[in-house]
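First, one chain by itself in structure tokens, the form predicted alone.
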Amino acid sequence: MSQSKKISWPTWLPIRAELSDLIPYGAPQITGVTALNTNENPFKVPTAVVEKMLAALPQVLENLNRYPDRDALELRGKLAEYITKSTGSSFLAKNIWAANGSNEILQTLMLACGGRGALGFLPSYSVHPLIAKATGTKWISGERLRDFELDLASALKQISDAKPGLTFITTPNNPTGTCTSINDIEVLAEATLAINGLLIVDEAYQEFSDEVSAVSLISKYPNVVVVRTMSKAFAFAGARVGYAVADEAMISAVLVTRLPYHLSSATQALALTALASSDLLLAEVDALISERNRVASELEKLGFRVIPSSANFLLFSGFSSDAHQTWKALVEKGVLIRDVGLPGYLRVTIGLPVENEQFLAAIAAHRP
């Protein structure tokens, strides 16, 4: 994906006019620093799980001349079992679609159902409007309250007025970490169903939250699509596996616009092994939540304002100088966090305890 910026393209290159002001999307990649900027899980995949993955690969490698299971049926079945077990809401493979990260899910949804445009409430995941632009989907920017909570009354009015085909809600929200209650999500589900629109609930960080998952609404509201990833809680970012949980008809719709054989045999095999070892891979989630709460408390002791977070990161403000200058000063100290473009705010991913201590020591010099 891309970010907006004026760029001069060669005259011979027929790039679409609406994309001509974009550059490739991505966070800074800087070597030799403690990287706390991309919301990765800092814990390595346990050795026991790595060994199981290595044992699964020979059969994959011996059959690389063959296409993978086009519809990833076994993987979808195991994802359905995981969602059923972890949420208490029952699903089957026909309710799941797996892809190369949740971003591919989002792009495919817009390709399939973006004809009436998409509405989202900012600040939120910056890739949503960028995918909309790349797919030719009209994007409508709603706003949140000053504390970054959802303005439900305003959201309902915009849904009624604009009648978008897709309405996005990210919870826990990125970059703020704030949650939207399941009660408010149900109100949005009813409002979007009334206009024959989809409610896309982006739950990339759900495993770090105490809030009830929106998958619990799908049986009553078939227009609800929950998008998840294995990148965060599963410490599986390098494998690129995301998935959607939805009504069977919705899954059939995204299959219309998905690329053929898009999920490799190796990816499917690794993901199946990860799901079989989910208890081991998710064992560090509680530790990350504890560290998140500790780091938030330490930042507040230093005088910073910290937005309450249900994710694996913190958004905070109150620097003694400009936020971007603070970001650069931290990089010079060997700590890379994220300038998310919100005036006066920076975001830090929760790392290992030693990494968090390094961050706290560096940020202390910029206390209010």
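Just so you know, these numbers come straight off a predicted model, no measurement behind them. In this text, residue numbers run from 1 along the sequence as written.
Quick note: we don't show the form predicted together with a small molecule, though the next part is all about it.
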Within 4.5 Å of the small molecule in the predicted complex by heavy atoms, the stretch out of 115 to 123, 72 to 80, 232 to 240, 149 to 157 is 232 to 240
Does Tyr205 make contact with the small molecule in the predicted complex, using a 4.5 Å heavy atom cut-off?
-> yes
With heavy atoms only and a cut-off of 4.5 Å, decide whether Thr170 touches the small molecule in the predicted complex.
-> yes
Heavy atom of Pro222 within 4.5 Å of the small molecule in the predicted complex | no
Gly136: heavy atom within 4.5 Å of the small molecule in the predicted complex?
-> no
Just give me the single entry in Thr267, Thr180, Asn103, Thr273 that has a non-hydrogen atom within 4.5 angstroms of the small molecule in the predicted complex.
-> Asn103
Consider the chain as shown here, without its partner, and state which of Thr108, Asn174, Asn95, Ser213 has a heavy atom within 4.5 Å of the small molecule in the predicted complex.
-> Asn174
